[in-house]
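Coming up is one lone chain in structure tokens, specifically the form predicted alone.
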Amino acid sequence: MLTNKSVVITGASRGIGEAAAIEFAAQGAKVVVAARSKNSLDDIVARIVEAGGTACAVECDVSEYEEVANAVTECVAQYGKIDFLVNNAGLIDPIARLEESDPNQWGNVVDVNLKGVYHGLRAALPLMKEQGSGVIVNISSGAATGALEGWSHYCATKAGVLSLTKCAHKEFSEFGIRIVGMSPGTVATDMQVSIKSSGINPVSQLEMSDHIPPEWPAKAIAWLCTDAASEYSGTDFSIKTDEGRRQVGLI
């Protein structure tokens, strides 16, 4: 259980982020849900509060550092500290082969997927260092180490996120802070709808029933914030294997 711990979750208006917010609140954590869609966030907060949990919403575009810093600051203002940060916000649209890609749209994915994670790290790490504790979970992907046609933006940014996880661990582990990546495999979210409609690479050929539910990675993220997961600090933890799922308690 994560009773009385505080967490900021980016990209929390749907998918893995929404499921993580519900999971953390169910385990007793005080939650800051952050995303661009304030209306969706307000609905999630209402559901958490109705279930007896504690949550607040902060409108946040992770491509803007000041907005991420504001979400972190709001967590400290509301709950007195920031125990956990989940860098979940991410994009895969538009899916396109390099020769057909739009440079501005490609760059926007970099701003969200890579710079957004950096912004979270930059905002939270000094506060966690002052506290002498904290866990940051960066949502990773098998795309971090594998190339997929049409996903140059996604693969490149997830590779960058893996490097950020390693760098942050090297710089901050001595201060009692853990940074870890979580690679969930394919998850039944809106992202899979875009992937399937693209018709590019083998992932687009999968049916929605082939993907795991977002509640699985949500449980993995919460587990990674416990001391039981300390051996995975500075690396990517995967729930694509039976071993990983067993550790989380999914099987």
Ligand code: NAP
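Numbers for residues come from their place in the sequence shown, where the first is 1. Model, not experiment: these values are computed from the prediction.
Quick note: we don't show the form predicted together with this ligand, though the next part is all about it.
Contact check for V187: a heavy atom falls within 4.5 Å of this ligand in the predicted complex. For T165, no non-hydrogen atom is located within 4.5 Å of this ligand in the predicted complex, even though that partner is not displayed. Remark: S37 counts among the residues lining this ligand in the predicted complex, judged by a heavy atom distance of 4.5 Å or less. In the predicted complex, at least one heavy atom of A89 sits within 4.5 Å of this ligand.
The putative spot formed by K30, V49 and K219 is not touched by this ligand in the predicted complex; no residue has a non-hydrogen atom within 4.5 angstroms of it. Among I200, A69, A26, M191, the residue placing a heavy atom within 4.5 Å of this ligand in the predicted complex is M191.
Segments offered: 75-83, 118-126, 137-145, 172-180. Contacting this ligand in the predicted complex at heavy atom distances within 4.5 Å is 137-145. Contact residues in stretch 146-168 (any heavy atom within 4.5 Å of this ligand, taken in the predicted complex) are Y154, K158.
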